[in-house]
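Quick setup: one chain, the form predicted alone, written in structure tokens, and binding and motion questions come after.
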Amino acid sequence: MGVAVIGVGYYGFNANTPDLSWKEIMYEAATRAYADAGINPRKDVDSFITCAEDIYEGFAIFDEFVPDQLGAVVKPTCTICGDFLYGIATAYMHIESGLADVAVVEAHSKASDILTFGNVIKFAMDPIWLRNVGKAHPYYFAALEMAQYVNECCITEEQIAEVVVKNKNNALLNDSAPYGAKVTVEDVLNSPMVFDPMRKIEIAQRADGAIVFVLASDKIAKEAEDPVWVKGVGWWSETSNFDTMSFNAYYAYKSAKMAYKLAGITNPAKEIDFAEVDDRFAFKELQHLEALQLSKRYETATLMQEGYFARDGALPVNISGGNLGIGNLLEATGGQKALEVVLQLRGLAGKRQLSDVEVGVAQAWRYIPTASGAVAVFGV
């Protein structure tokens, strides 16, 4: 048994998309994925999965609005209230259980339509203990976590700045990265401190886009032109209470352990060739790398400064430009990560193509105010 990605399609990624609705960017991504996989969705797909949060969409029961633009009318369709990588895990289970031979996963972000993003995040907070904590912007919770992490691990401002420099410069090689820029450590340190100790440039700006994957069982994938195998998937949640969260991305650690076990990976730092990790706040990239066991605690920031995670380093990370270069894609964040891994493994990443890569990992967090996330390992 096995599950592979046999088709990918995407639209974007853009700082805003005033000319298209969320339905239209979904349709664009789906059409490209079906053409890539060489399938007819009305005849060949057994399960459709969309990943969305009603609160980001601005209306309820989002899955009722999905079938038309995916070609899923009168077909099994469901919504996963989480990141795209949770959808990959669900499709994996649908196929491995025998419920489906071909499954489609979709996620999108129309973040530019959200006019009061801070208030939307606040609405997801515990209504008794957290939501009413004054008028503070919820990014202060990320800043509190950052303060604890950098103090505990003795991480300097310059080392956090290196994450921004790496990812924004990587994004210059990605035509789909609207926030790429040639920046230096000095540029980052001169950026305004907006949520002490977090600077403005260390926060990923929001972006629009859509991603669709077509997954298939091994008997179908073996006939496909360029399959990329889903080696392992994992997901995990901590608590919604800030006073008892680990503040060390334990959700990512447990998700990775689950995915690595399924993939048969025992030494991630040696067996994984490259990674796309959630960096919607710059410090999160360092935290997530440790949680994924791609580096050791207290050494990650030094390795970042030494170029270990650079495009030409020993373990390239966020070659796409990451969220700092592409943007915060909400529940499509993991989709962008997985897309980059698949493109790299297929040798279709253009100017940013890595050489001799066979195994890549994608990781995403469900953002403030959660301590939940998912991981997927892909290989050829």
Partner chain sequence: MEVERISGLKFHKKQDVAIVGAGMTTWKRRLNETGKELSYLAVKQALEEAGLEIGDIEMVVMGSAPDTFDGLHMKGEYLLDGSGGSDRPYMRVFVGGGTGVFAPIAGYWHVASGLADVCLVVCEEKMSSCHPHPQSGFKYIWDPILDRPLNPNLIWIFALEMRRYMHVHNIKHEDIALVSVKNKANALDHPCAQVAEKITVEDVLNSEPMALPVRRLDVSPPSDGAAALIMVAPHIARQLTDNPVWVTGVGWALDTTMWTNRDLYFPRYVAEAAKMAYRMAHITDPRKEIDVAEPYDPFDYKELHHMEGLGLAKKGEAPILTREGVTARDGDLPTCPSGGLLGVGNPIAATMGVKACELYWQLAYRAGKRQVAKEVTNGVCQAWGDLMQVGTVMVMSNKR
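Nothing here was measured: the structure is a model prediction, and the numbers come from that model. Numbering follows the first chain given and starts at 1.
FYI, the form predicted in complex with its partner chain isn't displayed, but the following is about it.
Peer 1: Contact between I61 and its partner chain in the predicted complex at 4.5 Å, heavy atoms?
Peer 2: Within the cut-off, so yes.
Peer 1: If we define contact as a non-hydrogen atom of the residue within 4.5 angstroms of the partner, is T90 a contact of its partner chain in the predicted complex?
Peer 2: Contact with its partner chain, yes.
Peer 1: Quick check on Y34: any heavy atom within 4.5 Å of its partner chain in the predicted complex?
Peer 2: Y34: no contact with its partner chain in the predicted complex.
Peer 1: Flag C78 as yes or no: does it have a non-hydrogen atom within 4.5 angstroms of any non-hydrogen atom of its partner chain in the predicted complex?
Peer 2: Flag for C78 set to yes.
Peer 1: Looking at E299, D126, E225, D196, which is the one with a non-hydrogen atom within 4.5 Å of its partner chain in the predicted complex?
Peer 2: That would be D126.
Peer 1: Note which of Y139, F247, W236, W229 lies within 4.5 Å of its partner chain in the predicted complex, where distance is taken over heavy atoms; exactly one does.
Peer 2: Of the listed residues, the single hit is W236.
Peer 1: Suppose contact means a heavy atom within 4.5 Å; in the predicted complex, does that hold for all of N16, S112 and I203 with its partner chain?
Peer 2: Looking in the predicted complex, the three residues N16, S112 and I203 all stay beyond 4.5 Å of its partner chain (heavy atoms).
Peer 1: Counting only heavy atoms and a 4.5 Å cutoff, which of 302-310, 94-102, 151-159, 284-292 contacts its partner chain in the predicted complex?
Peer 2: Comparing against its partner chain in the predicted complex, the contact stretch is 94-102.
Peer 1: So which residues in 190-225, when you check its partner chain in the predicted complex, have a heavy atom no farther than 4.5 Å from it?
Peer 2: The stretch does not touch the partner at all.
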